[in-house]
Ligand code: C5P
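One chain is shown next in structure tokens, namely the form predicted alone.
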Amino acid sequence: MAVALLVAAGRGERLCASGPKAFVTVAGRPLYAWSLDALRAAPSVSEVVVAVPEGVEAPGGVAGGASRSESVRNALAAAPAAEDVVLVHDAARPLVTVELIEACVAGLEGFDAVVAATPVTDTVKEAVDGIVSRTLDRRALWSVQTPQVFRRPMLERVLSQPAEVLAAATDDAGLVEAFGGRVGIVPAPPENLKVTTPVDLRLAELLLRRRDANHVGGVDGTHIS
């Protein structure tokens, strides 16, 4: 079994919303609620802790931090210590499925952490000051998503680093890599998109409404108020 940490403390300036991104309404519900449904419906998840902005309330909510990884650290500190497996998911990815959650938890065997990811399909070039220096081999490149699943001792160790180290991290698996940990990949569907811009929000709205119409009651028939 795993404890899940749902990161919903981001401000979301690029979304141009009037409040915290995770609480923007999408397909009739707060953005974070879609992920919370999926996590609660997953058989391998025993409990969900939600990292929220200061002054905001949510089911299972705790105050987030100044950076994403600090928010994860705060949520982990509030999570039950009984579970040795920790799943971290961004509320900005509302299309996560129970199937992907279960695959990520099962995929942790033999690793310190695993990440959901999709193969890169675009050609990727490295450039400095607008000048291309090289073209990367996309066959070896993956676009990393969440969920990410960790051995709890390893996650606690990497999150105990100074605030400036946590602030520089773009994901928690990167901290594990830098610490010498072994990180695996679980293939994920491209529909597990991240809501960052207004265009992403509109696309998520369309996909969620289509999924909700096909599965009455939402994710595995569950809803939260």
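Here the structure is a predicted model, which is why all the values come from computation and not from measurement. So that there is no doubt, residue numbering starts at 1 and follows the sequence shown.
The same protein has a further form, the form predicted together with the ligand, not shown here; the description that follows concerns it.
Checking V86, I101, V114, A92 against the ligand in the predicted complex, a heavy atom within 4.5 Å turns up for just one residue: A92. Among G181, P30, G184, G65, the residue placing a heavy atom within 4.5 Å of the ligand in the predicted complex is G65. Residue heavy atoms within 4.5 Å of the ligand in the predicted complex occur in exactly one stretch of 106-114, 137-145, 151-159, 68-76, and that stretch is 68-76. The ligand in the predicted complex is approached by K194, whose closest heavy atom lies within 4.5 angstroms of it. Contact annotation: A8 falls within 4.5 Å of the ligand in the predicted complex, judged by heavy atom distances.
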